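The chain below stands alone and is given as structure tokens, in the form predicted on its own.
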Amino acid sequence: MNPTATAALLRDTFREAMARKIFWGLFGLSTLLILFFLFVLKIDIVEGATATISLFGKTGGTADVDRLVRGVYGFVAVFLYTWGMFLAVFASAGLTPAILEPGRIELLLSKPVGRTHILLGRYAGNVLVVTANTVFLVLGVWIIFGLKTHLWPPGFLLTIPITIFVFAVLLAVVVLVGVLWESTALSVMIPVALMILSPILAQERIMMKLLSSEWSRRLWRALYFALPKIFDLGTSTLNAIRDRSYSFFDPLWTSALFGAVMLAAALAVFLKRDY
């Protein structure tokens, strides 16, 4: 792959994200959340172990500093995994169908750049847009609370790679749907459906008791294994933030396998389509 062509594809994705207000929208929401913690939420350390909390000028009582910080970090992590991820998928859904529009795709294919390079460049550029916003938000909150409380729990920083990883897996689905049907609506609906299914499928112990037949239990286990473990990764991240035991190994490799299959399928379809 030509590095110059790769840089051009990444730059084109960033420019389109800015032109569509995708980058600035995500950046604006992250900035508002950071400004909230910086100016609206006031924390006064008392005797080094407790803190007085003030919100909009009203004192809300005292709390253990460590528990307070980890609670806020957990809130930010949950925000990224729910609304933040939904907004990122929603904002990114139109970027793949955009390059397949008549006139634009023919222009791209006329350049000395392979189809695989075009699609992967678009995919990587999209991931970088969300990466920039995720790093900005997480580091911003971490630094603000570190300066205010003098506590710097490293577990919160795991939110950065895990959030980016989950988005990259969901984006592979967005790309596949975009290549297959060129539909922005479906590119949003299917990844969001996966996000909704994940916490349901994760309740294996409960469902094994509720399901009456063996074939339905096997189907449930197969779906749980095959689909990305968004809920499990989020739970492990929260446990890391709260300084509890956690494991990323199984959710990571199975989710990575799912994403790789989706991206490979998207490439296979894109290579065979006649434009």
Partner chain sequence: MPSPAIETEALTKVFRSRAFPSGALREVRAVNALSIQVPAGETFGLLGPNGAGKTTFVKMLLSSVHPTSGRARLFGRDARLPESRRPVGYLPENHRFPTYFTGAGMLDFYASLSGLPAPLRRARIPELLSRVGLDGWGNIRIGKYSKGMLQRLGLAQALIHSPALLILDEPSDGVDPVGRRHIREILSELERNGVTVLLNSHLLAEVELFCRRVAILRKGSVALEGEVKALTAGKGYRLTASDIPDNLRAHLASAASAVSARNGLVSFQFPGRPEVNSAVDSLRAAGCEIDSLIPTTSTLEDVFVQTIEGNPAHS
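Positions refer to the first chain, counted from 1. Note that the coordinates shown come from a computational prediction; the quantities given were computed from them, not determined experimentally.
Below, we turn to the form predicted together with the partner chain, even though it does not appear here.
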Would R205 count as touching the partner chain in the predicted complex under a 4.5 Å heavy atom rule? no
Answer with yes or no whether P154 is in contact with the partner chain in the predicted complex, where contact means some heavy atom within 4.5 Å. no
Heavy atom of G114 within 4.5 Å of the partner chain in the predicted complex: yes
With the partner left out of view, is A260 within 4.5 angstroms of the partner chain in the predicted complex by any non-hydrogen atom? no
Just one stretch in 133-141, 185-193, 167-175, 94-102 has heavy atoms within 4.5 Å of the partner chain in the predicted complex, so which one is it? 94-102
Check L29, F86 and T235: does every one of them have a heavy atom within 4.5 Å of the partner chain in the predicted complex? no
Could you pull out the residues of 105-126 that have any heavy atom within 4.5 Å of the partner chain in the predicted complex? E106, L107, L108, L109, S110, K111, P112, V113, G114, R115, R122
